[in-house]
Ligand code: PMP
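Just the one chain here, laid out as structure tokens, in the form predicted alone.
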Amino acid sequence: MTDELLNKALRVYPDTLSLLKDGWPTPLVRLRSESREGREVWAKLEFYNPFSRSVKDRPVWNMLRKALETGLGKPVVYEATSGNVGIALAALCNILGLKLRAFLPRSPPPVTVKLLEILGAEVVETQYESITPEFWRWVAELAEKEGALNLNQFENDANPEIHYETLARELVEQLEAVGRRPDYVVAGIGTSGHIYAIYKRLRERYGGSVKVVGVQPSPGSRIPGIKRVETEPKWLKSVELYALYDVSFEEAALGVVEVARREGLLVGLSSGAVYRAYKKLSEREGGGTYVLVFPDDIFKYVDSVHAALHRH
């Protein structure tokens, strides 16, 4: 074994950027509390990514890398974000010697703001209720006017590209390593980058036998990281969803609590939403092999989850 392979096996990294690209794959774990005769449930733990502790480390790294490689890099980056993209981008900007101005919707999670400020980002809290095309197009126009780089996670094809090359491929390889083939994959709808990449990879590998299920906030609910299909995420139109589940904020928060109490995992709100959608799906479908994509962990949302717990 070469020194490089030995160091990777022992989790020794030459720099912090290597924690990301050399740290993949993220774990896939069987949820024992949900698995029984005729049904297995596996969770992809994307909070093992090192910077934002979320799935968003992947596309941010790829979009930023490609911008720098193609000569589009500028010393200041402007980006519309609900949280995890901003945190990942702030961390990577620090590593690469860039500055970030993060534009957030109104009333963002306080911990998100604190983390961005700790990382040195300039935080601009806007009056937009959520991230809409109007919001991110305004940020893109402002960046162009002021000579900043805008990665535009909502339209940048480097977003789904990296999910296809890494996350989706990892799922196939990990499941096949234990002799499993997925019947259902449940994932949240945000930019639609990772749900599209998973759909594309699994459709190529298994044909139409794998059913991809989307998760969105219920009307009137805000769940950080996921959005309703009415916002028209760019890549979602290329996904044939088997089902689409609405999950309220309260359901997502209580899903977080249920996962914590049954499996000991402290997952985030979008993960709680995915879990609750899986519960609805499995009640309808019964057995099979289910894969749940858990995008991030609880630590940005502790106060809101705790408050929801005490309301019930």
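Everything quoted here is computed from the prediction, not taken from an experiment. Numbering starts at 1 and follows the sequence shown.
Just so you know, the form predicted together with the ligand exists too; it's not on screen, but the next bit is about it.
A single residue from the set G214, G86, G193, P217 has any heavy atom within 4.5 angstroms of the ligand in the predicted complex; that residue is G193. Contact with the ligand in the predicted complex, judged by any heavy atom within 4.5 Å, is made by just one of V77, I226, A90, A168: I226. Only one segment in the set 110-118, 127-135, 193-201, 170-178 has any non-hydrogen atom within 4.5 angstroms of the ligand in the predicted complex, and it is 193-201. Using a 4.5 Å cutoff between non-hydrogen atoms, I189 counts as a contact of the ligand in the predicted complex. A residue is said to contact a partner when one of its heavy atoms sits within 4.5 Å of a partner heavy atom; Y301 meets this definition for the ligand in the predicted complex. Contacts of stretch 286-312 with the ligand in the predicted complex, defined by any heavy atom lying within 4.5 Å, are made by P295, D296, Y301, listed in sequence order.
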